[in-house]
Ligand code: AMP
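Below, in structure tokens: the form predicted alone, a single chain.
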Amino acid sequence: MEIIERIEHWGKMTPDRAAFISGGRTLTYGELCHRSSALAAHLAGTLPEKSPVVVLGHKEPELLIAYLAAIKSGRAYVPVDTAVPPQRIERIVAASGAALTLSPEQVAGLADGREPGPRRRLETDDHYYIMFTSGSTGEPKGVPITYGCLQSFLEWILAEHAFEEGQEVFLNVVPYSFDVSLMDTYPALVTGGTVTSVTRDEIASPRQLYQLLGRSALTTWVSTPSFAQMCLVEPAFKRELLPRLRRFLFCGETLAPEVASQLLDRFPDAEVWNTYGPTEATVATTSIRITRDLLNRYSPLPIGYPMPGTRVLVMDEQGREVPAGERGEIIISGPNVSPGYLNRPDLIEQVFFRLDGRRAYRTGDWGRYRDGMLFFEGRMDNQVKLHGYRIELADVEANLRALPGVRDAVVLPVLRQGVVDSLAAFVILNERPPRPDFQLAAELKLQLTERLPAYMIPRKFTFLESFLMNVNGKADRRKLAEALT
């Protein structure tokens, strides 16, 4: 499947159809294809060959124009949301080696009034996009996804769901700096569908959110389970609000049985799908339709079966596949696996390797096979998923320790019904100022906003004189975690 050709087809056949709706603005297929080709001509004529382009914004239509323009000019794009603090954006730009950072305003100026140029085709191993995730050292790490990786993912998801060409309306909730967004945007664009995007402000206003949903004519819901769980609080969130809805596609975090059950009750005509996959393996790698039978038989729910052409193994510490029913590390091997972290050979050696001649990735996730299905059983390290965002706790700790007056810090997840609900920080200060703890916490949160996106900032702060140590001489995280229960 040639991705850009599929999108260009709809630009020619249905130029007036809405490709993307966000913030009250509509981008048609004709506009998307013409303006991205015009911008691509500018990029090709002014930037070093294959240098990536950082695209900074929040769900403006110009973002999609910039993404496709970068691809048409033969280079990868790096999506960055404006919620990311300036300091972190600077580190991402530097780490990516980008020759240009584009804002929506710049895209509008460069894409309008220019003549399209010839398109440069990407090869299978060329980088298509580079997604930056949380890193354990406090520095974001870039995950390049190749054209071949994205093709594999799209061929699988299109075959599994049989989307109706020209008829689908996909919900986009997560920012484009989070790879779950690719589960709605590209399946929509290659099938001539429409992406209806929900902005931060609309999510923060329940009245605006449900008005948007009510007029959206959604057929395909894509989000983290947390967002659906939030919507379920509203009694009107049911079939009558979204009468055309055919399927829920969940990714990014654990789908709780009670959430799936409520959705099946309220939307009896819609399917509920659970998927799993790290950023390093292109959005998702396994999937399963959640039925009443599965809900009655399993808790937690399975994360399903591997996509065709990809092997998902459960291995022990010696790299041997464990028997069905035994727990081990989930290993993914196949054409959807990234070639490795950008310019980080030290990190590549830790988790990427070759298995039977193909790229393979050690996920760091516990899992096991039962009844032929894969089950996720948590992280092996200090990485957590919070509302779909992957967070290295060490990343938050490193940024806390970098603040003036902070001597040491430990950050732990706060669990609610087995799912990470928020983060809690235990902090040792060099000197304890004569101010209430809530005021000290507010000051640290404010300082962290300059270094970390909002979703990585701990909700609760506890100030201690020292940490209890375990037998290895490290802070006893188990004892600290007991204080949260």
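All residue numbers are counted from 1 along the displayed sequence. Everything quoted here is computed from the prediction, not taken from an experiment.
There is another form of this protein, the form predicted in complex with the named molecule, and it is not shown here; the text below is about that form.
Although the partner is absent here, residue 376 sits close enough that one of its heavy atoms falls within 4.5 Å of the named molecule in the model of the complex. Using a 4.5 Å cutoff between non-hydrogen atoms, residue 209 does not count as a contact of the named molecule in the model of the complex. The named molecule in the model of the complex comes within 4.5 Å of no heavy atom belonging to residue 231. Not displayed here, the named molecule is approached by residue 275 to within 4.5 Å at the level of heavy atoms in the model of the complex.
With the partner left out here, the named molecule still marks one of 278 to 286, 102 to 110, 69 to 77, 83 to 91 in the model of the complex; by a 4.5 Å heavy atom cut-off that stretch is 278 to 286. Just one of 191, 310, 220, 254 comes within 4.5 Å of the named molecule in the model of the complex, counting any heavy atom, and that one is 254. Site annotation in the model of the complex: the residue of 244, 390, 368, 114 reaching within 4.5 Å of the named molecule with a heavy atom is 390. The candidate spot formed by 179, 303 and 385 lies fully in contact with the named molecule in the model of the complex, as each residue has a heavy atom within 4.5 Å of it.
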